[in-house]
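In the structure tokens that follow, the same protein chain appears in two forms, which are kept apart as structure 1 and structure 2.
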Structure 1
């Protein structure tokens, strides 16, 4: 029963109606906060919109000039492309790892205690501060990827990867790191759906003589909408990460189709540039324009992911 239906239902007790009203108030507050974020970002970004128009999202330039506002030019194209690029790589990395982890803990590990121990370790990964991931990424992951992934791919497939990986801090490194960081969240969503596959379906599949691998393919097909939803939610998680990405992405304002080059994301740009934005007339406004774009991307992908999850749950319950 929805909140509005509960409030209009005369058969509910006063206490139940009060409870439904309190939930409606909380939902309204959350929606109001989101709207307040959007309004604040738009108001703060309004000066750069007046100066550059939508070019702030199309151009690739970052020219900060003190005491000469008219010479300032800001375009977020490289940061927007870098954000999407990093998030896509993160999903490509996290989905296979998450699926493998879910199958390991639900189908292959013997004993409930061992399954719970592995799940606890994954939960501990989610609780680690992002700066820990960032420091590990720049000290360990970046050199490993450059020496054992990027350089071999550059030498064997120069037509696919034409840019020489002169450093390990690249868009590719940021994407892989975010993929690893997203595994606990993505795996948790997929696991909850996987263990909710109805017993009747499980018994029917095995009654038909399916092997375990064949049964797993059927079960994964059943929860396919949840896997897609988890990918979208992981995309939003990766797009908004700041500290860890800022340490490994390279912080270079350039557009390149090669993932083996340094780049920028919107979140990393805000984190690295906001400290000195007060020195310039339009820089703070440009950063808020980037934050507004990040808010739009986050709301869009998370809304799509939650809608897919809810539709799957409704289908599973026959609604």
Structure 2
């Protein structure tokens, strides 16, 4: 049993061994889950890699043919680009809104009670089920954005927005909805760093005679790495969201520069196509290749975001 103690890097009395062993078993099980995830996805994606190679990530084609596997062709380009497009719009929407929310609660609202009230509202926003956002998005937000944003922009500057917005369910709508949904998450990340700005810096800036807005600009410069990290983590969230996006993105295989056209995201593609994928030889495999890509995007973006965040925090504590 010396092995157990060495592994846990601690001393155990004989009566504690069973307890330690059972905790270790659970910890190992949880750790094994992630590995199992990657392995099963790769196993399922393998056939399409054999058939299409990495082209499955490059082509934009979705040809499902029953009883003739050789004629089936799948390429996820439209969904991958759509995922990135939606997540980028989401970030553009949510970063300024989140910054304003953080500044309002930390700098502008007088009194604890008002601050408490606003933070309760933000908690409520975070607690709303995503499907409720989706229902509201498709029933209220999509027509609203089409009539009051997309149509006016199309009529005023057709050279910039050449596509007529024939429907409200578009890449743009999905991006805006994801931006709204990620505000509580992004704001919480930024707020945590903002309240860590050292008192010495606050006092120094105000002692120089800065106005509030000038001081805030200095503080925001101070937490800039965290804002970037929050943008990355928000991007990851928006890229992985499924049902709300599936309802408002339009679900169309189309690559277009204009955000006012229906599109697809990887998650929405899986949600809408997986149900009938069993009818075809390769479709399920292609969807798992998409899932694998989503996993890779998510892990890469999140690892970068968390690393950035941790580096900033350790630098703060270092000082």
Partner chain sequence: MDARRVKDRLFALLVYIGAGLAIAPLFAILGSLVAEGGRVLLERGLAFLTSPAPYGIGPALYGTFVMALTALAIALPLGFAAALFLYEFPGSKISPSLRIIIQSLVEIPTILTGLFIYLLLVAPLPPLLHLYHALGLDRILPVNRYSGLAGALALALIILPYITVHAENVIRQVPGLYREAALALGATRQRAALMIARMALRGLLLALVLAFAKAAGETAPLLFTAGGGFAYMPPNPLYALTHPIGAVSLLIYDYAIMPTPTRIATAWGAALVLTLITLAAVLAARAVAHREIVIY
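Numbering follows the first chain given and starts at 1. None of the values given here were measured: they were computed from a predicted structure. Rigid core: the largest C-alpha set superposing within 1.5 Å between the two forms.
Chemist: Deciding between structure 1 and structure 2, tell me which is the form predicted in complex with the partner chain.
Modeler: That would be structure 2, which is the form predicted in complex with the partner chain.
Chemist: Superposing on the rigid core, does the Cα of residue 299 end up 2 Å or more away between structures 1 and 2?
Modeler: Stays below the 2 Å threshold, so no.
Chemist: Could you check whether the CA atom of residue 34 moves 2 Å or more between structures 1 and 2, using the rigid core for the fit?
Modeler: Passes the 2 Å threshold, so yes.
Chemist: After a core superposition, would you say residue 20 shifts its C-alpha by at least 2 Å between structures 1 and 2?
Modeler: It does shift by 2 Å or more.
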